[in-house]
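Here's a solo chain for you in C-alpha cells, the form predicted on its own.
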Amino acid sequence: MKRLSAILWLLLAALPAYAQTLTIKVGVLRQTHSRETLSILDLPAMDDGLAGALLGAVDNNTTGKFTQQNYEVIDSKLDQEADVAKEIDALIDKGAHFIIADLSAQNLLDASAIAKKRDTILFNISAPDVNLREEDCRANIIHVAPDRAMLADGLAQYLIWKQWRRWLLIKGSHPEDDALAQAYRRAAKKFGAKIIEERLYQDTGGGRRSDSGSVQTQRQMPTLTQNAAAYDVLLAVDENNVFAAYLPFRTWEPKLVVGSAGLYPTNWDAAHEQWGAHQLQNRFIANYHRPMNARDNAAWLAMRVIGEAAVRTQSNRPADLLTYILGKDFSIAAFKGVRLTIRSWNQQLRQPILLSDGRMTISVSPQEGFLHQTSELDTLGYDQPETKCRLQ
C-alpha cells in the first residue's frame, strides 16, 4: 500500500509538468512601405503584414488549446532611420526566437548575422531577391515569399501555354527593375519565348498620383509603346510601382499588358478563393476590415509553419523546429491546391504562383505540361542543379 501511494504521489507531482503550457513568442519585424502609389487602393495598411501574423497566431492557438501551446506576437515596426541590429536584439531579448521579417535584402542579411549569434530563425515574407536564396543564402532564413525567378517563371509558363511567345519588355530605371528584368530574360530563355525589344521608362520623380492626368498617361504611354516590332504581349517590369499601371488601355496598339500590371504573378491575391481560400479571406476581412494581401498571407503562412513544426516536435527550441521544417516529413496546407514543402538546398518554400488581374485568379502555375522529375513546383525558380547556395 505504501509503495502504491508513493507511485501515485510521484504521478501527481509530475502532472503539472505535463500540463504546463509551452509558450512560443514570434516577433514581427517590418519595414515602412512607401505611400507613393499610383492608386489609392494600393496604399499600405498600418497593420500590413502584421495582420497576417496575428491571424496565424489565432489559428495556431486554436490547436494550441489541445497541445498545451500558446503563441504570442511581438510587433516591431522600423522607421527609415531605425537600427535593424538594435530592433532584432530587442525582439530576442523579449523572448522571440522566431522572427517574421518584412525587410529589404540588405537589412535581412544584417538581421541574419545578429540572429545567428542568438539562436534565432528568420522567416522572409517579402524580399524577392534571388541572391538571398543563392550566393548570399543563410542557414537561419526560411524564405516564405517567392523570389523574382519563381514569379517570372510562373507568368512565363502561362504565356507559353497560351502561345504568346513574343514579348515587348518595358522596364523601370531602378535597380529592382533591373533584377526583375533579368528574371524575365531568364524565363524567356528557359521556356522558349522571345523578347523582341527592351525599352526603358525613366523615373523622373514627382507625385505619382498628382502627375497622372497629363504627364504620364494619355499622351506619354502611346509614345512609349509605338513603332515596336510585332509582339504578343507587353511585359511591364516596374517593381517600384512607377508607371506600369498606366499602360493598360493606353498602349499604341491594342495589346495585353502583363508583369507589373494587367496580368501579374503573385503568391497571394485578395481575389483568390479556390481550394477553400475564401474561408481564409473571409476570416481575415472579418478581423481586420480589409482584404488579405501578399505580405499578409506570407506572414500568416510563416506563423503556420512555426505552429506546424512546434506541434510535431512538441518543442519551442529553434534548432528542433528548423530541423523538422527542413526534413522530409514537413509539409503545410496553404489553400493553394497542394501541400507546400521546403527546398533543402536554399530553404525556399515551394509554392504555386497565382496569376491574377486583381479581380480574379486567371490561372495558377506550374502549368499543365511543365514536368519535373521530383516536383512540378521545382519548374518555378532555381532548381537544385542550378543552385549556387552554400548555406552558412
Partner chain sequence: MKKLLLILIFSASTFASPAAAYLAYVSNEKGNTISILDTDKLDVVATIKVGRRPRGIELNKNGSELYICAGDDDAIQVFDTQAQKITGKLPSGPDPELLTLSPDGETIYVSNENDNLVTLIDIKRKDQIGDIPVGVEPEGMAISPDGKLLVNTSETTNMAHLIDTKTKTIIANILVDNRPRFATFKHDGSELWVSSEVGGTISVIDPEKKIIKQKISFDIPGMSKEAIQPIGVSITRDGARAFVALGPANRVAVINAQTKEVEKYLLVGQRVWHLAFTPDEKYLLTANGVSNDVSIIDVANLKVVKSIPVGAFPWGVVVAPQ
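Here the structure is a predicted model, which is why all the values come from computation and not from measurement. Positions refer to the first chain, counted from 1.
In what follows, reference is made to the form predicted together with its partner chain, a form of this protein that is not presented.
Heavy atoms within 4.5 Å of its partner chain in the model of the complex are found in one stretch of 278 to 286, 129 to 137, 221 to 229, 195 to 203, which is 278 to 286. No member of the trio D42, V305 and D357 reaches its partner chain in the model of the complex with any non-hydrogen atom inside 4.5 Å. Taking the partner from elsewhere, G327 is found to have every heavy atom lying beyond 4.5 Å of its partner chain in the model of the complex.
Although the partner is absent here, R339 lies within 4.5 Å of its partner chain in the model of the complex, judged by heavy atoms. In the model of the complex, no heavy atom of T361 sits within 4.5 Å of its partner chain. Its partner chain in the model of the complex is approached by V311, whose closest heavy atom lies within 4.5 angstroms of it. Screening T62, T32, S344, T323 for any heavy atom within 4.5 Å of its partner chain in the model of the complex leaves a single hit, T62.
Taking a 4.5 Å heavy atom cutoff to its partner chain in the model of the complex, the contacting residues in 325 to 345 are S331, I332, A333, F335, G337, V338, R339.
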